[in-house]
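Coming up is one lone chain in structure tokens, specifically the form predicted on its own.
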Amino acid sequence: MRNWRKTAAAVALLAQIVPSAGEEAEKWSWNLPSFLPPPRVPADNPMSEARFQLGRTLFYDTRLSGNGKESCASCHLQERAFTDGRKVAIGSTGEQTPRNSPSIANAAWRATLTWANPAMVTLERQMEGPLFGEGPVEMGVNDANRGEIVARFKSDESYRRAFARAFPNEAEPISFGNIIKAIAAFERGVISTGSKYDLYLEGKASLTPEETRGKDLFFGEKAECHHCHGSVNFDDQFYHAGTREIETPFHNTGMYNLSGKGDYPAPNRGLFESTHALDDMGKFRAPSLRNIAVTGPYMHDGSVATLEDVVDLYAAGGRDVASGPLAGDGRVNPHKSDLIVPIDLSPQEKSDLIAFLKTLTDEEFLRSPRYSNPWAGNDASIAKTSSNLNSR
């Protein structure tokens, strides 16, 4: 009964959001502000409105997981700038992942994806991790259920039409390869550029005195936040279609020092997990600070609860864990970045910094129908997931 209701809902949904046969299904416009150049797009996955809308519908559809209990959106909620409010993400079987869910906003402009994988450079490649990963299980797609999952979409008339429009001239457009391409196209088109600070730069809004002082600290040489968060995306791995030399820095910010020799807790040892080079211990990608006020808890493992705690950690030049299995003084971690040093910030200056960080919230983005759940009101499992998170 539930599947019938879902199929009926899909017919109605996709009829609304997918261009008709007479429309230009391949037409796409980035419609970006002047400060943001177009991103790089893989030649084998060009953008189209039909592909973006198909990806959006799949992103929110729990039928994509092996047991039908989780969608991509279960760990990426729009109202939280596509993070999930948990310390670490939880997969479809209830297994915890080791990492905090990163936002997908403006992911198209990131040189590398995830927290610490220099080889993860396309959204298409990144999708394979949550779909097919076994340690931990996220979406739970495997060789035993892959055919069944594809069959779920092949049996749905609305999806058959949507795949045909998104991937014209393909005899069998419904495949995992095209599911990945469609969701990557949706993620590539999830764009946040309407924060109060963006409007301020365009002369359309004013900052308060507290926000202005925070801005000056952020971009000045006292707090020095701009060294790792100075791009238009407020990170330091920004790249676009015209980028010639791609920089991919990773940083140890002094969060742990388990052995006194710089160790981080496994399997969360940053770039070291890929390179096994001791100097890469604890190095992670600096995340974008866009919408940072709604994406807590913070850091790669969600171990810092509030923005106030984040500012305190950086002002201290790292974190001293006094007791327990993670005890150690991260402030003296031998692999810590030279950029992470104690900063003598007064309570007022800390408050000013946080006031500025809150100007990076894009309220329209958090509510935009273009990125919203097309199944809202039709899928009890997604609604239940959001309700559970809101009660945490």
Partner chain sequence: MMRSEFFIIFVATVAGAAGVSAAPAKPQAVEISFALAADGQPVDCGHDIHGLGANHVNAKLREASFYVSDAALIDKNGKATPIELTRNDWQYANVALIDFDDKTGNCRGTKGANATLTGQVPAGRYQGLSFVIGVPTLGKGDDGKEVSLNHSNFATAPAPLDIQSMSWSWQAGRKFVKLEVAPEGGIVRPPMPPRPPRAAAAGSASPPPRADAPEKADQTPEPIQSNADGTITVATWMLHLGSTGCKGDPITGEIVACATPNRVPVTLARFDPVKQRVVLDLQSLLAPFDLNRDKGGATGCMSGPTDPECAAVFDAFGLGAKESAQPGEGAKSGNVAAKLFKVESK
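Residue numbers count along the first chain shown, from 1. Quantities reported herein were computed from a predicted structural model and do not represent experimental measurements.
Same protein, other form: the form predicted together with the partner chain, not shown, and the subject of what follows.
- Exactly one listed residue, out of Val121, Ala164, Ala205, Ala151, brings a non-hydrogen atom to within 4.5 Å of the partner chain in the model of the complex: Val121.
- Interface residue among Pro168, Gly220, Gly230, Gly129, judged by heavy atoms within 4.5 Å of the partner chain in the model of the complex: Gly129.
- Heavy atoms within 4.5 Å of the partner chain in the model of the complex belong, among the stretches 48-56, 362-370, 323-331, 27-35, to residues of 323-331.
- Using a 4.5 Å cutoff between non-hydrogen atoms, Gly317 does not count as a contact of the partner chain in the model of the complex.
- Within 4.5 Å of some heavy atom of the partner chain in the model of the complex lies at least one heavy atom of Asn67.
- With a 4.5 Å cutoff on heavy atoms, Tyr239 counts as touching the partner chain in the model of the complex.
- The closest heavy atom approach of Ser103 to the partner chain in the model of the complex falls outside 4.5 Å.
- Relative to the partner chain in the model of the complex, residues Arg80, Gly177 and Thr275 are all within 4.5 Å by at least one heavy atom.
- Residues Tyr239, Thr243, Arg244, Glu245, Ile246, Thr248, Tyr256 are the members of 239-257 with a non-hydrogen atom no more than 4.5 angstroms from the partner chain in the model of the complex.
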